[in-house]
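The chain below stands alone, shown as C-alpha cells; this is the form predicted on its own.
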Amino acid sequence: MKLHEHEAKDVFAKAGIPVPRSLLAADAEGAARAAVAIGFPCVLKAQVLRGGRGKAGLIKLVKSEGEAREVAASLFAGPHEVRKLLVEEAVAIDREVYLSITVDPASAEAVVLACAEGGVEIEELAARAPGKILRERVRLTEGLLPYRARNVAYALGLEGDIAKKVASLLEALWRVFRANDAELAEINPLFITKSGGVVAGDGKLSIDDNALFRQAGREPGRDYYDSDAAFEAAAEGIPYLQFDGDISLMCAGAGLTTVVYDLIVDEGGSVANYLEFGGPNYKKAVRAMELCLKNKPKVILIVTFGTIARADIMAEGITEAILKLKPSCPIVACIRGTGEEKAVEMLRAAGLEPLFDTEEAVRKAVTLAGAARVAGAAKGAVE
C-alpha cells in the first residue's frame, strides 16, 4: 500500500524528520487560501500515486493568490484525477541528495540507498552510472547502527554539522521503515538548505500489504486507486489492474493473464483492465463482469484454465452474469479444465460460442473490438 506524499510526510514529521510547512486543499479556492496562509512563493503538489510528477506538470511554483487559484483549478480539472493538493512552502535549496531504505528479498535484508544527486530518476541513474548509488546492507535483526548512518553521510561527501544532521535523519527514516512495516521509505530529494538545515522535499512510504493488519487506520480509500472499478474490486478482494484499452480481461492466474495480454498487443488490440477470475474468485462471475462493464469495453474476453477453480462453475457464473447484467458488448469465452464438457453446454445455452484455443479467442476478441471501434467512428461521423 503506497501512501500519498502528505501522508508519508505526516509519518516523517512524527518521527522527527523535518518537512516543509504545508496545508492540504481539496479544491481551487481551498488551495488559494492555503497558499496565502503558507506565504509566497509556494508550491502546489498534486497528491497522486505516480512518479515523475514534476515532468508531468503536477508540481507547480506559484507566486500570488490568483496564480495559485488558477493553477489549482487547472490541476483539479486535468486528466490525472487529482483530488487533493499539498500546498507547501518553497525551500531555499543549496543542494539535493537521495535517501531510501528498501528490502532485498533475496537476502532477507534491508538496503539503504543513497546518492549525492537527488531529484533524479534513480532507476535511470542506476542503469547509466551505477557507481553513483551507495548501498549499505542492514540486517533486520541488527538495525541501522549510528556509525553506519554516519558512514553513509560521509560517503555522500557531506561534512561537519550537515553530515551529522543527515545521519540523524537517516536513523529516523530507519525507524519509520521498521515501525510501518515498509517495503520502501524514500526521501527524494532531501533538501540541504542554504541555512544549513535538512528538509524532506518529497516523501514516499509503501507499506507491505501483508502487514496492514498491524497498521491501524491504514485502510486504503478511493484515492489509492486508478478507477472506481479498481476500488470496488479491492473491496471485494478481487485482484484488478486498470488500463486504458477496450478489451476487458477476466482471466485465471497471473501467468495465463500475462500471455493473453501479450497476445492481445501482438494482434493489435488493447486491454481495458485485468480482473483475476481464478483462485478464490471463480464463484464471483456476476460481480467480476459488473466491474468489467464499468469500463464500457468493446469486448469482454474470458480465458481460464480451471482445475481447483472448476470450469463448469465458472461457466455457470458467466451464464448467470449474462442473464442478470445483459451486457451490450460481445463476450468471448475460452474456458478449459475440470468440468469442461458441462461448461461447454452452459456457454452454448447462454448464446456463446465456446472456444478451446487461447490464440483463437484473442484474435476473435481483437477483431470484434476493432469492428466496434469502426462502427463507433462511423456513427460519430454521421451524427
Partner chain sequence: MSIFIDRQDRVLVQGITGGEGSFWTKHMIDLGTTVVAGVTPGKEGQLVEGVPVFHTVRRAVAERPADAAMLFVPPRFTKDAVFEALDAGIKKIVTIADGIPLHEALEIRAAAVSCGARVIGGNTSGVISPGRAMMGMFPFWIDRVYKPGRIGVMTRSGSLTNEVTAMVVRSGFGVSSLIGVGGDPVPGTRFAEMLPDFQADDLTDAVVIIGELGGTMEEEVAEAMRDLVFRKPVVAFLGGRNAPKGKRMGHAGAIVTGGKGTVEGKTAALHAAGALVAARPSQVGELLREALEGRNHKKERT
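This one's a predicted model, so the numbers in the text were calculated from it and none came from an experiment. Numbering follows the first chain given and starts at 1.
Below: the form predicted together with the partner chain, not depicted.
Colleague: Just to confirm the contact call: exactly one of 69-77, 284-292, 186-194, 102-110 touches the partner chain in the predicted complex at a 4.5 Å heavy atom cutoff, so which is it?
Modeller: Contact-bearing stretch, as computed: 102-110.
Colleague: Just one of Ile308, Ala92, Ala216, Ala235 has a heavy atom within 4.5 angstroms of the partner chain in the predicted complex, so which one?
Modeller: Flagged contact: Ile308.
Colleague: Using a 4.5 Å cut on heavy atoms, which of Ala155, Ala129, Val259, Leu145 is close to the partner chain in the predicted complex?
Modeller: Only one listed residue qualifies here, and that residue is Val259.
Colleague: Does the partner chain come within 4.5 Å of a heavy atom in each of Leu24, Ser64 and Asp161 in the predicted complex?
Modeller: No, none of Leu24, Ser64 and Asp161 comes within 4.5 Å of the partner chain in the predicted complex.
Colleague: Could you confirm whether Phe243 comes within 4.5 Å of the partner chain in the predicted complex, counting heavy atoms only?
Modeller: Yes, Phe243 sits close enough to the partner chain in the predicted complex that at least one of its heavy atoms falls within 4.5 Å.
Colleague: Does at least one non-hydrogen atom of Asp181 fall within 4.5 angstroms of the partner chain in the predicted complex?
Modeller: Answer yes; at least one heavy atom of Asp181 falls within 4.5 Å of the partner chain in the predicted complex.
Colleague: Closest heavy atom of Val265 to the partner chain in the predicted complex, within 4.5 Å or not?
Modeller: So Val265 counts as contacting the partner chain.
Colleague: Flag Asp10 as yes or no: does it have a non-hydrogen atom within 4.5 angstroms of any non-hydrogen atom of the partner chain in the predicted complex?
Modeller: No - in the predicted complex, heavy atoms of Asp10 and the partner chain never come within 4.5 Å of each other.
Colleague: Heavy atom within 4.5 Å of the partner chain in the predicted complex: which residues of 17-41 meet that condition, in order?
Modeller: Sequence-ordered list is empty.
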